[in-house]
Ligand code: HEM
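Consider the single chain below, provided in structure tokens and representing the form predicted on its own.
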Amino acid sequence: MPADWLHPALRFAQYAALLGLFGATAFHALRLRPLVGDTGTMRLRPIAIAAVAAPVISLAAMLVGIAAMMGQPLHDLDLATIQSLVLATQPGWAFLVRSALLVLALAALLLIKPMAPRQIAAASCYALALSTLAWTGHAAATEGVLGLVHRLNDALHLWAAGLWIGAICWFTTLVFAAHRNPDRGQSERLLVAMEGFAPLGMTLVGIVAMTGILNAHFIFGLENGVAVLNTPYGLLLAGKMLLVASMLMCAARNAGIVRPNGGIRRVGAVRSDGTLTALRTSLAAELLLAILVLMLVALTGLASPME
């Protein structure tokens, strides 16, 4: 049987890669960064590395998941067993579709030259690949029409979370870059852009919250919430909710830092002095909390609310 840590570690890597890739490419494609007309200032190398790694991580997670399901060491798996489980199960077909989409996204990033079409094509593939995760785990256990609604709700939850995480990653990267190479004009544009993102950010947070509540109801029923809290699953879920609440506190702090400097929403009316250091700390904390949330997501997906 695979090491106990390997399966959740690969699940975490898969969620982090797909959420990060979708969020980062969608953020870029939707042009939620009026501060940069020159895409050369963007840090695209991590996206390229993650795009290459994502199909490998997906394959490894699938193989380790099969080994865990069969209760045997990974090296004892035979091709016939792998083929039967991949081709005859819903998670297996989700894996095949996800793998194809990840390869298509990588091809788009490598082969399409114009930046806008490249990012739109990649973001579309990553959005669909991310939604395949809703066809595994707890969502896959719900059957019939209710099961379809559960999966679609879970996909919407993942898309909103991906955009939120993508925004955190980009703004963290840009704030650190602006702090290292001070340029008043660019810093002002960054602060205006962050304030401009706030309405969409609040919308994404609302979607994450509502779809998260619906997911919980689909999985164990909200009326059973107190009983579920006495299980390992419930404790993990409660920890996840506390971390998300902490992320919201960081987001509110970011808004509090930016808003006094961008109230008029135009470059030249913004005072950026002293704000980049505060933003750097707050955004880094929010990104760290997001990573911890994904770790708990990886563990929660392997736990049962009934045990």
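Because the structure is a prediction, the values reported are computed rather than measured. When you see a residue number, it is the position in the sequence shown, counting from 1.
One more form of this protein, predicted together with the ligand, exists but is not displayed; see below.
- Exactly one of the stretches 115 to 123, 231 to 239, 186 to 194, 85 to 93 approaches the ligand in the predicted complex with heavy atoms within 4.5 Å, and it is 231 to 239.
- Looking at the ligand in the predicted complex, residues 10, 17 and 22 place no heavy atom within 4.5 Å of it.
- In summary, among the residues 257, 51, 67, 244, the only one with a non-hydrogen atom within 4.5 Å of the ligand in the predicted complex is 244.
- The contact residue chosen from 108, 134, 127, 101 relative to the ligand in the predicted complex is 134, the criterion being a non-hydrogen atom within 4.5 angstroms.
- At a distance threshold of 4.5 angstroms between non-hydrogen atoms, residue 148 is out of contact with the ligand in the predicted complex.
- Contact between residue 212 and the ligand in the predicted complex is found at the 4.5 Å heavy atom cutoff.
- For the chain shown alone, residue 169 is not a contact residue for the ligand in the predicted complex, no non-hydrogen atom being within 4.5 angstroms.
- The closest non-hydrogen atom of residue 208 lies within 4.5 Å of the ligand in the predicted complex.
- Taking a 4.5 Å heavy atom cutoff to the ligand in the predicted complex, the contacting residues in 137 to 169 are 138, 154, 157, 158, 161, 164, 165.
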